[in-house]
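This document starts with two versions of one protein chain, written out as structure tokens and named structure 1 and structure 2.
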Structure 1
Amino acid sequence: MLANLLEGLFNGISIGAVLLLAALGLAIVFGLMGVINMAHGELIMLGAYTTFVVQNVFKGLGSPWSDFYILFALIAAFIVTALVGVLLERTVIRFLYGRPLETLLATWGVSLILQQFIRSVSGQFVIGVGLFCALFFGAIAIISRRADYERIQAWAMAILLPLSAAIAFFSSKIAGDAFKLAVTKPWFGTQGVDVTAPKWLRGGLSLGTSTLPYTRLFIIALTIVCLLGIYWFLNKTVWGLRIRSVTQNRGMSACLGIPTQKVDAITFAIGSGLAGVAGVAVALLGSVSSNTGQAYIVDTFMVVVIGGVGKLVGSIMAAGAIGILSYVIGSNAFGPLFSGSPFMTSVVEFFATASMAKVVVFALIVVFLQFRPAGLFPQKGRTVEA
């Protein structure tokens, strides 16, 4: 019984750890910037695909390297998603600060684009999009140096946009006809891809009758490292201090010479980068496809809602609680307790699937919000309802 309980606890915590890792970036971006990033799940997915790519590259390098690809994958995933995040912040989100619902819709649009991107990215696709961007933005950059740019802007756009689109479209078509499958074959396609854990992460730690898989332990450790890192960054570094000051009073911070735009970009980069790290963890757990991100988005939002805004402790506790509850209910861990009453047994069994566990957890969340509408650690004071 005790072993069962421990195993249940471990499984719950490891579910919670993935959740927390996935929610951490979201919590930072939402807590510090008030931005709901619906594309966060897709950033996780990008991180997972980066892991896949890194794995394949290192496979080519041979034995000593391929064992440690996962560490490089962590770095690569962080960098890739952070860059995508910054791009997203600079091109879309920064125009929408203070309009959270609009941000939500816009980032949803981005998430759709990213999903389809993973499905249809191919050599041909890259040629087309790359050429279009180079032509269009290059030409705009050149034209914008002219003194009369303001006047001709509309005309320039009207000519350049279709022109560069047409050139890009036809060159990618020509490339496709010339090289056939070599460039038209999608890199990833709609099928899922699989990442195999390196040797030292296979197997598990035997504990009595049960085993604790090393991958799970690795993820828990990774989560702890990320948490400590974020805590250190926000509380002990100059940029952390700047981020916190911008969060509290943007105008004043700007007056004091803090580059608020840079701070926004850095905050977003870190939040997105953490999504990439979460992606590595997700890749270790199972097959990855373009829909992977969708599976995490709602759960991670729940973590943020329950945890309350701007408090890491809240996110930790919320992720732990949701993880353990989902596992306990879904795996029917308490089933034996109700063996006395057939009615209770049937009720408990009715909910003893992963999807029905979600139903119960959500019901509990709604009940919880009746008592603590602002989450576990609400912000207090006059500024709350500004």
Structure 2
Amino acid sequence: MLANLLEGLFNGISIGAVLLLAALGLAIVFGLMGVINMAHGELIMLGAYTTFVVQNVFKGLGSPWSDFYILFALIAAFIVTALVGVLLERTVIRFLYGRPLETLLATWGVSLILQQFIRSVSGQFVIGVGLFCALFFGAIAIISRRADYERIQAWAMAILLPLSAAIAFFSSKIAGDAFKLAVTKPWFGTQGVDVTAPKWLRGGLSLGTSTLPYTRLFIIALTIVCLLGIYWFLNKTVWGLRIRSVTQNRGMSACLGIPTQKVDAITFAIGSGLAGVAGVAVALLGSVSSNTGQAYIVDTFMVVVIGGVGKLVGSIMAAGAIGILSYVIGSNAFGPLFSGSPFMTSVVEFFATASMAKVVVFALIVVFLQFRPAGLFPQKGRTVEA
């Protein structure tokens, strides 16, 4: 009985570690900019798919490279999702600061676009989008050097946008007709893909009658490393100091010469990169699909809200509590404790499913927020004053 309870606690902590990885980036972004990023789950999904792609690349290289693909996947996932985060911040979020409802709706739309992108992306699609970006933005970069650019900007946009789109569309269509399935077949499609853990992460550590999977131990260790890295960056580097300064008071930071827009971009890149790292962990736990991010976004927001917006310590405590409660309740780890009472046994078994465990956790969170509406560690500074 005790062994089952300890095993349940360990699995709950490992789930909490995944939630914490996912929530770290969201806590930083939400705490600094007040942006409700509904596309954060899709950034986790992109990190998981990046892991899948890196795995396939390293399989072609053979041993021993294939045994260490996960280390390269972590770097690749961080870079890919960080770049997507910067693009999202530069093109969408930057124009919506101070308008949380609009950022929620805009990023929700981005999340739908990213889901459909994963389902539909193919060689033909990449050719079309790549050619359009090269033609349109390249032409804008050249024309913007003219002294009269502001006067002709509207006309340039009106001409270049449809012209670039038409050239890109017909070029991708010609490429599709010429190469058939080589460029028209979706890379991922709607079906899930599987990531296989490397050999050194298979199996588990035996402790008596219990076995602790190496994969979950790796995820816990990865979370600790990310936590220490974020703590070091925020407290020991110049840009970390600037981020904390902007978090406390954006107006005063700008008056002191801190480039707040650059701070926003760096913060969004870090938060998005951490979501990609979380995606690597998610990929090791099960099948990955275009809907993977949706399974984590709600729990991630719960971690941020309960812990206190922008508070790493609060996020750690909230992620651990939610992960342990969800697993212990859902796995019926408390069942043996009530074996002497048929009534209590039936009650515990009724809630011993993943869906009912989530209902119980939600109910407990609602009760908690009645007493601590600002979370374990309330936010201070600019966000509160706003």
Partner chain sequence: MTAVETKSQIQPDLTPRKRKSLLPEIITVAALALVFIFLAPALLNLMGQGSRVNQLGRFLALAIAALGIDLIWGYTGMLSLGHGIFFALGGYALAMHLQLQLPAGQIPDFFNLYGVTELPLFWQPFYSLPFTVAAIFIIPTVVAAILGYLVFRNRIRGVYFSILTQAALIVFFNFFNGQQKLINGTNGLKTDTAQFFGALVSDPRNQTVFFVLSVVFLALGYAFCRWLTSGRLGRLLVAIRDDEPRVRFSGYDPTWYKVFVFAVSAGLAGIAGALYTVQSGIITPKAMDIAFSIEMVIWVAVGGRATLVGAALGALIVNFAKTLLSEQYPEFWLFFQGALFLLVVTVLPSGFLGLLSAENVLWLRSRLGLPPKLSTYPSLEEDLEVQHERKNPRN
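Numbering runs along the sequence of structure 1, starting at 1. The term rigid core refers to the most C-alpha atoms you can superpose between the two forms while keeping them within 1.5 Å. As the structure is a computational prediction, the values presented were derived from the model and not from experiment.
Is the form predicted in complex with the partner chain structure 1 or structure 2?
If we ask which form is the one predicted in complex with the partner chain, the answer is structure 1.
R145 C-alpha relocation of at least 2 Å between structures 1 and 2, rigid core basis:
True for R145: a C-alpha shift of 2 Å or more.
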